[in-house]
Ligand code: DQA
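The form predicted on its own is given below as one chain in structure tokens.
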């Protein structure tokens, strides 16, 4: 069996479903993780879902993906716009990376228009809510086929 897809979610994503539902919707992180597992299964893949509010722990997750993952989906949340440490860790990963954002970061505050993650990602999906994660799995499955 191939290595799982690692799905890494950053700060405040553990509050999905209750945090700013007008921006992020009412789908919970547990709902997204279940959707991802089901979608990955249709491709014969598995997932490992991780979430942290801590930048250093996210770096550790990314570093582990170097040897433990076949592909990486990351929603680094606010760290997308601020973290050179996450960028550096992602640059060391030799698996395909897809960046996901629930909201359209380009329709929000200007500081959200730049993402350090985007520069190393094979693709970026934003503004499509939880469906973006499923699309990212489809994209990774195609790349890994």
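Remember, predicted model here, so these are calculated numbers, not experimental data. Positions refer to the first chain, counted from 1.
Just so it is clear, the following notes concern the form predicted together with the named molecule, a form of the same protein that is not shown.
Listed residues 51, 27, 70, 103 were compared with the named molecule in the predicted bound form; 103 is the one with a heavy atom within 4.5 Å. A heavy atom within 4.5 Å of the named molecule in the predicted bound form is found for exactly one of 92, 64, 38, 78: 78.
When contacts are judged by a 4.5 Å heavy atom cut-off, residue 11 counts as touching the named molecule in the predicted bound form. In the predicted bound form, the named molecule sits within 4.5 Å of a heavy atom belonging to residue 108. Judged by heavy atoms within 4.5 Å of the named molecule in the predicted bound form, the contact stretch among the candidates 116-124, 27-35, 78-86, 41-49 is 78-86.
Residues from 27-58 do not approach the named molecule in the predicted bound form: none has a non-hydrogen atom within 4.5 Å of it.
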